[in-house]
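In structure tokens, the next block holds one chain alone, the form predicted on its own.
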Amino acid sequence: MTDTAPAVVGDRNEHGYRSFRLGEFTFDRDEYFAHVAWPSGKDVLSIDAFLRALQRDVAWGFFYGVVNFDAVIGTVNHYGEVDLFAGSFNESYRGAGLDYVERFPHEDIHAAFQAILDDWTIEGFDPFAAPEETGSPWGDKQGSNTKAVTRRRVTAKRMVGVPGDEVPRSDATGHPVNRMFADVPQDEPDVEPEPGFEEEVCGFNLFAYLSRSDVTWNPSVVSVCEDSLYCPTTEEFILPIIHGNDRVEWFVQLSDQIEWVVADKETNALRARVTMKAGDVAAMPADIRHQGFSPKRSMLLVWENGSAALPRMIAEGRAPTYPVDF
């Protein structure tokens, strides 16, 4: 594992796209594919899948633990530094000696990924949107969509709608109700705080808030209580990354249905298939990877423990990988 310099940007190829080098990793795209290479191997991904995964990794700040783009490449967040790996969580690649990893300062790999995302996303394509809500990523370079790929993740400091918090309630977002949530009531609760508590007591319609989301698979933070984070999101089609946890995540299915494929984090061996319907609750342990499939746009509440101490505690065996003993 080595510390390396920021990305090097190459010339444009015959399709109009720039190449990029980050340490010993190189990134190239053509009309249909992203090509990623490292000293001991290479990987090819469909460009739509690559851009959707890259978008989440950038927007989430590399998230908790492992973000697998596919079964070969991805990132590991060390909260200040980030590993870019190939084959590290793939038993076959490790066994053949084809795995490779480099560690970068967070700001360097974030800037490199943002540059790739901006150059390779063409006009009309939005990597955050559901397939029916965006244009095509295919073909030669045609313009860009910087506004879409530089969206800021919505993060409340206390709770959505609380006076002084920067996140507005659904009626102030300016976003229309999504086509699949036309039946969601938009009324807001009546809150009558005692005098002197006007800035401490608040309420909002979470379903209305989520019904206006213009992105998929992008958890926003709607409430914060010390390390307890409520991060709901709307899901449609396929979760673009395969998430390898470094802490337990709780899932509460608020509407419709999501099917989860759960595998071992280190080997990718299948461990479970979970179908969650509205009202179901599940915990994803800290030693697995998971990917979701949502046939209809659905609402999911992800409950996170944001403690920075958890990954080390779990790695050292001082905290369990699962949430509860039955």
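Numbers for residues come from their place in the sequence shown, where the first is 1. In this text the structure is predicted, and so the values were computed from the model without any measurement.
Below, we turn to the form predicted in complex with ligand PHB, even though it does not appear here.
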property: Segment that reaches ligand PHB in the model of the complex - one of 60-68, 262-270, 24-32, 42-50, heavy atoms within 4.5 Å; result: 60-68
property: Non-hydrogen atom within 4.5 angstroms of ligand PHB in the model of the complex for each of Asp246, Asp287 and Ala309; result: no
property: Residue among Phe237, Trp217, Tyr100, Phe204 with a heavy atom within 4.5 Å of ligand PHB in the model of the complex; result: Trp217
property: Of Asn178, Ser223, Thr233, Asn90, the one that lies within 4.5 Å of ligand PHB in the model of the complex (heavy atoms); result: Thr233
property: 4.5 Å heavy atom contact, Leu300 and ligand PHB in the model of the complex; result: yes
property: Partner proximity in the model of the complex: Phe128 to ligand PHB, non-hydrogen atom cutoff 4.5 Å; result: no
property: In the model of the complex, Phe113 touching ligand PHB (heavy atom, 4.5 Å); result: no
